[in-house]
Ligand code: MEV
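Starting off, we have a lone chain in the form predicted alone, written out as structure tokens.
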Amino acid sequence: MVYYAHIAAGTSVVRRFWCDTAGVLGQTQTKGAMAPSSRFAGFYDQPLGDRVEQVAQWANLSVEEAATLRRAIGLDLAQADEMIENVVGLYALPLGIAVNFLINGRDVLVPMAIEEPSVVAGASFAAKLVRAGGGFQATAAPSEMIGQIQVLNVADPHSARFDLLAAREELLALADETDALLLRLGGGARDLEVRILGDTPVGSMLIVHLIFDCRDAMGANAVNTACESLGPRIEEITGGRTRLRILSNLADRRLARARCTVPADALAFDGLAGHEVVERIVEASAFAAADPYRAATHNKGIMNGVDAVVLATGNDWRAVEAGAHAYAGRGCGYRSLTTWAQDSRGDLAGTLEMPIAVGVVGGTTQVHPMARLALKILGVRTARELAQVIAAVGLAQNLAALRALATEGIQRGHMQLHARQVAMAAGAQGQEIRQVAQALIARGVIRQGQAAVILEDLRSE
């Protein structure tokens, strides 16, 4: 038998479980204890098995679920063969846990699936800094997606637009007929918009926007089905012909926002006073706001964190990427997705705003065992809660990158964490990996050729 106590996140309930290899067999609970903190001191230095056990207890994972983490991928070939076409194997990514996050007053452990060193460490460190200022505050708009219906060969686009708007209620009711379950859950068609695009290579066209509330799903399938159902009726009303009927990944009605404040004193670094670091970060932020070449790299850093959580939870990271960069490029030029400024107290204040269309039901979120585990570790119940967490992680990742750039430079910390991969690429195995990595860091030259020399010397000894 395995016995452990767990304090449910965000509550004062202590649950005591007794488990065997079959999973949770029983539990009792008492009230009055403090809720667990995501502030895991020294988590990085703990043995791998201890980290798994600590996360399993924190997230109230069963023995079977913890075993899924230890199996590394949780997905077998038979499952994979049902998910996509032409399966020949599995491709694994590391799943890390970002610690220290406090979001809307709730402690959160954040699963992140990513191959790049320093991302999980950077997010965890930035969350620690933000924690000193009260944590992240985040919001997310209702889960409304935009479905687009392209209408061509319309004799009088302006009159046809009026006719479509006049038929709004009929068209919304028709769209609602496509998903009775979603309708019962409070979702469904919300509004209809009609745009005219003139001077295209194929002449003027009408673009009908169906605004559709997807509730806790990402919503692509529901929106696409609803758009296709409207095609014949729209053709009757306009006298034109419909072509594309598909959602837009520029989900600007599904914006998530996060903000934070970092006390200047918490940013002091290696002889630099906190207020100097604040000024440097603000200057770096201004660069990204003014120059698209810098903004592209600035936003890529944000997406390091965003994509890692989206992927870990079984959501479509490509859709989120497309929406983020389209949103950054709206209007005049391409801009940064975050802002950083010095507030009236001299502290650092940051904000992030971007579309985050994700779900907690449907698709891979329910099919992939690791995605289900990631959602359980996060403790989110709705798509909006998940979007809030992702926005906070994106802001944290940006803070980590800007702080490094503004002080020691991005390469010092990144290359030290990268040293293990360099050691592995040179052929190091087991304990050799850490030994070679430490030697590379000590020499200050983190190159595969240097790692090969160190490894040869180590083995000869």
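All residue numbers are counted from 1 along the displayed sequence. Quick caveat, the model's predicted, so the values are computed rather than measured.
Below: the form predicted in complex with the ligand, not depicted.
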Answer range among 387 to 395, 160 to 168, 235 to 243, 290 to 298 for contact with the ligand, defined in the predicted complex as heavy atoms within 4.5 Å: 290 to 298
Heavy atom of E116 within 4.5 Å of the ligand in the predicted complex: yes
The ligand contact at S285 in the predicted complex, heavy atom, 4.5 Å: no
4.5 Å heavy atom contact, V52 to the ligand in the predicted complex: no
is_contact(N304, the ligand) in the predicted complex, heavy atom dist at most 4.5 Å: yes
Listed residue that, although the ligand is not shown, lies within 4.5 Å of it in the predicted complex (heavy atoms), from A419, A428, A401, L61: A401
